[in-house]
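Here's a solo chain for you in structure tokens, the form predicted alone.
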Amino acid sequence: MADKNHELRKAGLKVTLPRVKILQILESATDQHHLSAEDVYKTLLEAGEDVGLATVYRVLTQFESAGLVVRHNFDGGHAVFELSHEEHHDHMVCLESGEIIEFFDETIERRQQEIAEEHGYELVDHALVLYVRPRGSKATRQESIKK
């Protein structure tokens, strides 16, 4: 608990019970790194915590502003959050299951750098999202998004 308090203070946030609880949920989400505000809220309810959905949204937005989490708006419309990582990674989103797969590929990273330089630019940051479906699937992209 002390290290959570330290993380919040280091980010310039006052230590409150909802912030500590939400940070704990994000840190313990090992099998699902990307959580929506609703996912966090459901987890709090299941744990018997009395924290409203509006508070969850507010805290996640504060965490984003403080650099503790990154918000992603993948196809499908709703935002998901993940803890900020030191190391860069890209994402694949399965259009059928909604699963989000993190990956890193040195060749892709190098090529993006080269493309920016070829056009006279310096690459400052990027976000790569590949929308995928299992091999052999017949659904179109639009049908998958509607699910």
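Rigid core (definition): largest C-alpha set, two forms, superposition within 1.5 Å. Here the structure is a predicted model, which is why all the values come from computation and not from measurement. Numbers for residues come from their place in the sequence shown, where the first is 1.
Not pictured, yet referred to below: the form predicted in complex with another copy of the chain.
Asks: I'd like to know if residue 126 sits close to another copy of the chain in the predicted bound form, meaning any non-hydrogen atom pair within 4.5 angstroms.
Replies: Within the cut-off, so yes.
Asks: Looking in the predicted bound form, any heavy atom of residue 84 within 4.5 Å of another copy of the chain?
Replies: No - in the predicted bound form, heavy atoms of residue 84 and another copy of the chain never come within 4.5 Å of each other.
Asks: Is residue 45 close to another copy of the chain in the predicted bound form, meaning a heavy atom pair under 4.5 Å apart or at it?
Replies: Flag for residue 45 set to no.
Asks: How about residue 112: is it within 4.5 Å of another copy of the chain in the predicted bound form, going by heavy atoms?
Replies: Flag for residue 112 set to yes.
Asks: Determine the residues of 81-96 with a heavy atom within 4.5 Å of another copy of the chain in the predicted bound form and present them in sequence order; the list may be empty.
Replies: Read in sequence order, the residues that approach another copy of the chain (within 4.5 Å, in the predicted bound form) are 92, 94, 95.
Asks: Using a rigid core alignment, state whether the CA of residue 127 is displaced by 2 Å or more between the shown form and the other one.
Replies: It does shift by 2 Å or more.
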